[in-house]
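Take a look at this single chain, the form predicted on its own, given in structure tokens.
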């Protein structure tokens, strides 16, 4: 992909799609990215409505499809290959990505995690950090691999936990950082700035 080409991405969601909306808004403001398809693990996810309003093709998978993970992952890979996606972006996608997807998009599946990995992995990163009493948490964007939340880290932003802050307020502030960091990473991807070294470290030029 040349530096001037528009980066084509597929986005995977499971819920309201606020990070999807942040990417859509950034594209409207000049981010050199095109969302070629949005796939939801839930047919009732509001993120599908956000995509439809932006004129983005959508597909949703039923619980029956996910009953066989191999079938589901093969279907996901095929959907995004047919759409011409170069990278896959998980934006609140609550299912584990399998080998069929990772093999079809090697080092090209990106995930967002609401904590500073490797600390507080898993589905409850915000709550776990809050309950642990740490003074600083944050947001991580990383490449997904076969190990949950253990792929090479692309970028991180810290978020201090304020004295007396409740979990809802912390969650709101973390989401604000997510909405800034994901488009930032995608801008560097689109510019060809991001590379993975042989020892699985991520280098970002012009950062």
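No experiment lies behind these values; they were computed from the predicted model shown. Positions refer to the first chain, counted from 1.
What follows is about the form predicted together with another copy of the chain, which we do not show.
When another copy of the chain is considered in the predicted bound form, only one residue from 71, 78, 123, 136 comes within 4.5 Å through any heavy atom, namely 136.
Residue 116 is the only one of 116, 102, 83, 90 with a heavy atom lying within 4.5 Å of another copy of the chain in the predicted bound form.
Here the chain stands by itself, but in the predicted bound form one stretch of 62 to 70, 151 to 159, 29 to 37, 49 to 57, 151 to 159, has heavy atoms within 4.5 Å of another copy of the chain. Although the partner is absent here, residue 147 lies well away from another copy of the chain in the predicted bound form, with no heavy atom inside 4.5 Å.
Under a 4.5 angstroms non-hydrogen atom cutoff, another copy of the chain in the predicted bound form lacks residue 7 among its neighbouring residues.
The shortest heavy atom separation between residue 44 and another copy of the chain in the predicted bound form exceeds 4.5 Å. Residue 168 falls outside the set of residues with a heavy atom inside 4.5 Å of another copy of the chain in the predicted bound form. Looking at 186 to 207, the residues that come within 4.5 Å of another copy of the chain in the predicted bound form, counting any heavy atom, are 201, 202, 203, 204.
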